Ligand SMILES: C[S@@+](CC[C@H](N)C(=O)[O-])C[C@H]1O[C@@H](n2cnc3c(N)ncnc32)[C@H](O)[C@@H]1O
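Just the one chain here, the form predicted on its own, laid out as structure tokens.
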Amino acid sequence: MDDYLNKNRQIQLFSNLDPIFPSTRYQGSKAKLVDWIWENIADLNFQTFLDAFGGTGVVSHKAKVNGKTVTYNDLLKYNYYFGIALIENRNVTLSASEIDWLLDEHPEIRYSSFIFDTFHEIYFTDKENKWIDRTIANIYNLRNVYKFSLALFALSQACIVKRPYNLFHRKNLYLRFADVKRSFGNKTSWDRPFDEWFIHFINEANRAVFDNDKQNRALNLDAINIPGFHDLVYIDTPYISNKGVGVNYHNFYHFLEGLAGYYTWRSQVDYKSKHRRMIPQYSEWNDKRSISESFDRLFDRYKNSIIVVSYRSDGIPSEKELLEILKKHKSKVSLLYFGQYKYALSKNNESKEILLIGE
């Protein structure tokens, strides 16, 4: 491991000169679409940019690279910390010695066995669960919020990459070790040790950190309650298919949400579920009965800003209905298509990414 660490250290020396957003396998990420999105909004008149459903932060990071004052927001706590690490953070990175410290066991730290005890044979091996328990405890001993957030980001990404389907939606550790022909996943990634992935993602996160001479910030609020005025508001809500099935990020990534609140996680687990999810939380953005009204209220809240919406052509509400809702609040509305962009795990080959712009 020392050789691996040593040969990757020098990446950190260049982290502020050439900011590159980290790779991610996050469901619904706009990483492959962000250049197209930016091409279609770059000429609009705005300096302040609100990413109301920030997710991975890839669109916020693009806005930051282009000199905008960025407010990143997400209701999920782990995403909020990603925003702290990659958007709000101006110049704080994790050094090689700090990475070494995070990967060691320290006699002065009292380690919990919560993950080892709770998630036996669900997501990771017992050895890996012990490693996560130790590493997250070390991360919580980082007193700088930016260092904490960078380390949490790296740990979360390491957990995602070692999961079949990159999700925590079911108990399926056995898939990593089954001797069968696979049409999904990457066994090499699954078998790569956690500490190597952790170092890999810290280096990627370090390289994304830079100062664009603006006062950027990250928030953890309901999108409709974000204070202040923003020239442009970018909206990328969870998606509901035309069959009424929503993308529930809380369910898909509850393990990461648990890591972001490690010492209170125990009280939030649904112990009746086989995969030890967190107790479900209602979201209007996953409810086909309320989604149209939710969009209407959100557009009304930001009617004085340029509104940009990412969605899919086959969703609820439909592109036609979404267009009509936006026209209630904005006098000029454009609808753009990326084309037949296929999302991971999606079986719908007809779906198109759409971008609505209300001015």
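For clarity, every value in this text was computed on a predicted model and none was experimentally measured. When you see a residue number, it is the position in the sequence shown, counting from 1.
What comes next is about the form predicted in complex with the named molecule, which is not displayed.
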Open item on the list: My question is simply whether residue 237 lines the interface with the named molecule in the predicted complex - judged by any non-hydrogen atom within 4.5 Å.
Closed with: yes
Task: residue 70, heavy atom within 4.5 angstroms of the named molecule in the predicted complex - done: no
Open item on the list: Residue-level question: is residue 175 within 4.5 Å of the named molecule in the predicted complex, judged on heavy atoms?
Closed with: no
- [ ] Using a 4.5 Å heavy atom cut-off, state whether residue 30 contacts the named molecule in the predicted complex.
- [x] yes
Open item on the list: Given the stretches 142-150, 237-245, 82-90, 163-171, which is the single one in contact with the named molecule in the predicted complex, using a heavy atom cutoff of 4.5 Å?
Closed with: 237-245
Open item on the list: Let me test this: is every residue among 53, 76 and 285 within 4.5 Å of the named molecule in the predicted complex, going by heavy atom positions?
Closed with: yes
- [ ] Identify which of 311, 295, 302, 26 has a heavy atom within 4.5 Å of the named molecule in the predicted complex; exactly one of them does.
- [x] 26
TODO: Identify which of 119, 249, 198, 265 has a heavy atom within 4.5 Å of the named molecule in the predicted complex; exactly one of them does.
DONE: 249
- [ ] Taking the named molecule as it sits in the predicted complex, which residues of 197-231 have a non-hydrogen atom within 4.5 Å of it? Please list them.
- [x] 221, 222, 223
